[in-house]
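Okay, so here's just one chain, in structure tokens, the form predicted on its own.
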Amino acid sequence: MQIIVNTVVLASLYSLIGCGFVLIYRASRVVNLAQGELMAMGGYFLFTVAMGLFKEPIPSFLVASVFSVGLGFIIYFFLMRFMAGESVFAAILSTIALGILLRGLITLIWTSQLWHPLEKMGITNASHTLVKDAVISTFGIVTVLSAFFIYLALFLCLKFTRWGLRMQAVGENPLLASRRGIKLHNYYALSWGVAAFTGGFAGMIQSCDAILEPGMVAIGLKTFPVVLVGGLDSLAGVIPGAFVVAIAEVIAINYISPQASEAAPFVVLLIMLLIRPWGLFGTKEELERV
């Protein structure tokens, strides 16, 4: 039972980070390899807010979320906007450079010291016993619930709201969308803002559930196989992709070694590339485009 609980929590964390990859790719056809750094920035925003502005957890999370969204907009308007019309390779290199820049800023501003945001907010991460002596932490529960409600909100907004439908139109046919009066850059920026929020929020939760340190950007790297397994252009595919990778990682931890878990996501990715290169819910057309 504990293995199931650990898998669900880990898959929920990967789902939160992974949807940012898909949202940016579907809107602008850019593969954002700095999503792990955006995740870490969310954790550091939370720590900074809790240390200097608010001590209560809810206001701290809200303000840190606003900072994350703002960071996403800043990145697009001051960097990625100029990549419009450039080659895919140039855009990917820009996100790699962005990741290096953000990692440097993290070390420069917050140093490489380990931080504990919970201490600043005066709360604890209590453990809760489930059936058959399985244990889950408070922020493990928060991770699962956050993934559920954020995905529910995204699916409803993309299907029933004006901006959601326009974002899909921009991703499917930007030329036609621009001719219909849709401002492409606004929706590209929106995709970056939402991706920075979901990734940053995952970083906030993870920093409370474990610890805050620069090395947590590696979680974003391990999430990249998740979106490729699920399908790079499929938001719904992130969830099963996250569960496949999480199962492999948890099994590796419990039956092989903790070190093997670092390689497990990429082993799953290699197997998927051999069997179904476009992912579980992706399309062949998108594979050819990539």
Partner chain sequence: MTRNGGEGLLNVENMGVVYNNVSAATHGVSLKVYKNEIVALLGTNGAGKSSALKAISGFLGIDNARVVEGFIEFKGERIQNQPPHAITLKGIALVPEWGKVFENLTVEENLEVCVPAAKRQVKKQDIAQLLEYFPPLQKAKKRLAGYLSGGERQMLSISTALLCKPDLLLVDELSLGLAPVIVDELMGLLKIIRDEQGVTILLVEQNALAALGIADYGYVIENGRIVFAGTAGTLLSHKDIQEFYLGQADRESRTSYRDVKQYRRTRRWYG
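This is a predicted model, so every value here is computed, not measured. Positions refer to the first chain, counted from 1.
Note that the form predicted in complex with the partner chain isn't included here; everything after this is about it.
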Report task. May I ask you to state whether residue 166 is within 4.5 Å of the partner chain in the predicted complex, using heavy atom distances? Result -> yes
Query raised in the report: Using 4.5 Å between non-hydrogen atoms, is residue 132 touching the partner chain in the predicted complex?
Result: no
Query raised in the report: With a 4.5 Å heavy atom cut-off, would you call residue 184 a contact of the partner chain in the predicted complex?
Result: yes
Report task. State yes or no: in the predicted complex, is some non-hydrogen atom of residue 178 no more than 4.5 angstroms from a non-hydrogen atom of the partner chain? Result -> yes
Report summary line: Of 166-174, 142-150, 119-127, 200-208, the segment with heavy atoms within 4.5 Å of the partner chain in the predicted complex is residues 166-174
